[in-house]
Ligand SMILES: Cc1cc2nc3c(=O)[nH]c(=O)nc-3n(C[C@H](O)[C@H](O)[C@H](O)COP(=O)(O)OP(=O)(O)OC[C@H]3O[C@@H](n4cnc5c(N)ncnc54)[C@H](O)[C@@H]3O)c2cc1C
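To begin, one chain is listed below as structure tokens, in the form predicted alone.
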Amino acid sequence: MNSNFDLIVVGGGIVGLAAARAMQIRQPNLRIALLEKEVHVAHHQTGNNSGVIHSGIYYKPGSLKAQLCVDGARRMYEFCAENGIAHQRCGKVIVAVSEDELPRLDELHRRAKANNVPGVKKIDTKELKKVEPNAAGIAALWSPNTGIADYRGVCDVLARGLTETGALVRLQTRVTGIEESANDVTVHTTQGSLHAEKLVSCGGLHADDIARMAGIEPDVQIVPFRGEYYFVNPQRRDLVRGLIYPVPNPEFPFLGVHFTITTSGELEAGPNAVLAFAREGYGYTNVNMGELARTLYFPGFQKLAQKWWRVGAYEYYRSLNKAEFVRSLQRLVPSVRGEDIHRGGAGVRAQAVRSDGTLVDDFEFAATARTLHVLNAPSPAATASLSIAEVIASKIEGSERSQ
């Protein structure tokens, strides 16, 4: 099999697939290889998230997240419609349940307007009941442009489109080393070595390690946080019509446990956010001692834990105590009961943390002369993926160095 390419993309999640597609559209004759270590694409973050098309409310005005989420949502709706992928523009409410949450709700409203998010408005209790009859709250934000999508389906279409137009999508191929010379990049894998003019890495949970293979020493390390879900039993599916979210803590990139309908007709509740014991640690029994030690000894994590240990301890308590999880849900929908929900799946979020303990709150890149690395792409990366791909394509075409 040919091992010489113009571009190698590492990572078969939605960002990697979208990046390969963007480059293929720009340069149809480009020889592209996409490498994914799992047996299918969208195996980790993409395939285990809540499936929400975010509208762009939460993100700091001027940030890449704010810019790319709004544009990405528009592109994602269009892509799903054009390709027959399940999606729904169902709308969402962000609910304030106490007076102290009202200033934060107002700040979200300000951000929504600054980010040009379509249709967002503040509503009172009476209007909230019209949208979500079972929701509690003294005020809320209504976001009609928020929706849901089958992101696994999106990735299947992206992968199929790549192969049909001549790209190589190679599964079960783990990258083991990267060597860059003045003339090309050599990528060593478990299935042999490949060569290319340029490399793009969208490594997700392993993004920092892949960057280090390429000779970059980023001031971030991926810390994995597991998000666990419950499913609401089918007979109680009518508790929620669309999406119901709490007002988030602005100091965290996590949005708090919430209710989300899915394209398969189910109703999810969650996720929480607990430290995972492995980068692919989807349960308490999934432990990688080497990866866990790297997290625990990382100065950035130690500083983060020192500041927020009470929050972390509560997340573990809620993870292990169903009654406490239910109490969190009852702040949003008081009529939900413990017998109404059962354990669902879990996802792991790749959160980049700086050595000073700061949680990286925007998409972040690093580069060498021939390689570009997506170091941080958590939510809303799935929503924004088609727009992130355009940024990646522009950067790799311009051979821009890290910023």
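So that there is no doubt, residue numbering starts at 1 and follows the sequence shown. As the structure is a computational prediction, the values presented were derived from the model and not from experiment.
Another form exists, predicted together with this ligand; not displayed. Remarks below refer to it.
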>> When this ligand is placed as it is in the predicted bound form, are G56, Q67 and S387 each within 4.5 Å of it, taking any non-hydrogen atom of the residue?
In response: no
> Using a 4.5 Å heavy atom cut-off, which stretch among 373 to 381, 352 to 360, 335 to 343, 24 to 32 contacts this ligand in the predicted bound form?
Replying inline: 373 to 381
> With the partner left out of view, is S319 within 4.5 angstroms of this ligand in the predicted bound form by any non-hydrogen atom?
Replying inline: no
> So in the predicted bound form, does E364 come within 4.5 Å of this ligand, heavy atom to heavy atom?
Replying inline: no
> Can any non-hydrogen atom of T295 be found within 4.5 angstroms of this ligand in the predicted bound form?
Replying inline: no
> Hey, in the predicted bound form, does H206 get a heavy atom within 4.5 angstroms of this ligand?
Replying inline: yes
>> Please identify the residue among V274, V175, L128, L162 with any heavy atom within 4.5 Å of this ligand in the predicted bound form.
In response: V175
> Listed by sequence position, which residues of 12 to 27 have a non-hydrogen atom within 4.5 angstroms of this ligand in the predicted bound form?
Replying inline: G12, G13, I14, V15, G16
